[in-house]
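Next up: the same protein chain in two forms, each one alone, written as structure tokens (structure 1, then structure 2).
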Structure 1
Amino acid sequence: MRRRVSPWQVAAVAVLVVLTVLYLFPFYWMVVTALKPLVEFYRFPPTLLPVHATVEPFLSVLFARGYLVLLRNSLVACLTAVAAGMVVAMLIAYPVTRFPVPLAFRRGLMNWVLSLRFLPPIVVVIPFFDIVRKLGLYDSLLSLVLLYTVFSLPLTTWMLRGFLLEVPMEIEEAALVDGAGRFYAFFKILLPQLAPALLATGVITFALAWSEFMFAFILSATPRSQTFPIGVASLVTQFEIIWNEMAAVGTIAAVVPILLLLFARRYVLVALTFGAVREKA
């Protein structure tokens, strides 16, 4: 017997389809723009598909304009910041979930970590700029790595804390009773249990650092430290806007985190709906 579909279900599906199309159309139009030669931008009426598709805008921005260096800078800065943030966050989250820390101290420490993101970045950009300049780190990837690590620390710490609370302490205690040391129990017993959580946390923090623009724009001046999002702004000149190359840079910038999120989508979904928000008594 066929299940009867109610009008409300049909309406809900129709609304979801419309919202999906509206949400994805800007990304689709960006990809189409990146595949069009400049002559097609003056065609009327505009076409939804490129008549003579070309990958020349991608090759131009990556090789002719040297944006391959910016892409490398973004990957190095974001991956290093993710690794450093995970280490620091684990050093904070592990003791407060595994050791008999006083409740007041635990709450105070976690609230302090969370307070690092209370102020919007635009408020602290000038003090950070002054500090970076006085330390001699202006126009260097190290300054971006340090800032990305600091600003990703609250999210990383709270996510890892949530995941650590989900791993029973009895697993480590059993290893300790059998004669294993604390470091052995951590690296050989606990970390394998946290592998999906670490992957999800790393992907989310990487995506947030990858899209950062303001600090990279202010703290870098030359291609040796500029990140990939800066390349989009440099294609807007006083004489013209290079639409197809700008769309090509935007497409590449969007594809990298999308591929990572698709690769780890199952673990990211768990992190967003379970490990990051669930609280144990």
Structure 2
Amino acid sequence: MRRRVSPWQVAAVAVLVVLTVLYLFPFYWMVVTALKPLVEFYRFPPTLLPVHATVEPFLSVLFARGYLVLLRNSLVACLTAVAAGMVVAMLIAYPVTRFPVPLAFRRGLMNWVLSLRFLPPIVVVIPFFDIVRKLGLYDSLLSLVLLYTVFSLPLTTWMLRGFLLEVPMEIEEAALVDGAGRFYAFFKILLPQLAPALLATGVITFALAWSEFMFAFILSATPRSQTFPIGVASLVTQFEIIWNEMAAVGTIAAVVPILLLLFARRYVLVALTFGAVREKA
């Protein structure tokens, strides 16, 4: 039996097709530009597909320009921040969900952590810059790691709280009754249960730290501590833009979080709304 197709359905499909183009074409254009030799980029009208496709722009930025170092910096800073953030967040989320603490304490603490999500980076970076310079930590990955850890906390803590609430307390209590310590119950019973959720949370916070720009822009000066987005920005704002190289770094910068978040896709919306929205896909 065929259902009647309403004009609204036709409109909806048309709108979605247009949107698909609006969302995929810009990425396509960036990747294609990254694969063109510079001569071809300047050709008019522009070619929709690279005629002489080359990975030269990628190799040129990574090796000749030394962006491999920035890639490593980003990796080190983000991974460290994710790991540290996870531990700190667990130290907040676990007591709040597993112990009978007063409501006001729980609510106050969680709200305070959430408020960090709304703290404008520029407000933090101005004093941080001065402090970091006085401590001799200017242009060091450590200062970035500290900030990335702090700013990953709201998301991580709230995610962990949500996951912890979903694991029934009885599982641990059974172990406790059997004479196991709280330590054992946490590491051997609870943590394995949470592993997939922890992984997803880590992936999302990694992707967000990876995208961070302002802190790195202000607190780093040399390839010693510059992250990948800084490299991207310097190719976009230089006087004479090398278009295919700019597109190449843009592609690398975008591909990492996109791939990661397609992997953790179930949790992205939950994370970005701090658990207010649950969507499955």
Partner chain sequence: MRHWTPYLLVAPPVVVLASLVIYPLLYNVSLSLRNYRTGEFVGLHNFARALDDPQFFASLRATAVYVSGTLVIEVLLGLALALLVHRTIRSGWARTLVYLLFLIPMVTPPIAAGVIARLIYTPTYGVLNVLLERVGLIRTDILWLSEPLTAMFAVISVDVWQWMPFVFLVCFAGLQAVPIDTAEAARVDGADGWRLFRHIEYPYLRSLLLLVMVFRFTDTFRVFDHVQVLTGGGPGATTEFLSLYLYLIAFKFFNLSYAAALSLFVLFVTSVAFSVLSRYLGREVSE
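Please read all numbers here as calculations on a predicted model, not as lab measurements. For clarity, a rigid core is taken as the largest C-alpha set superposing within 1.5 Å between two forms. Residue numbering: structure 1 sequence, from 1.
Each structure shows the same chain on its own, and structure 2 is the form predicted in complex with its partner chain. Superposing the rigid core and comparing between structure 1 and structure 2 gives a CA shift of 3.4 Å at residue 264.
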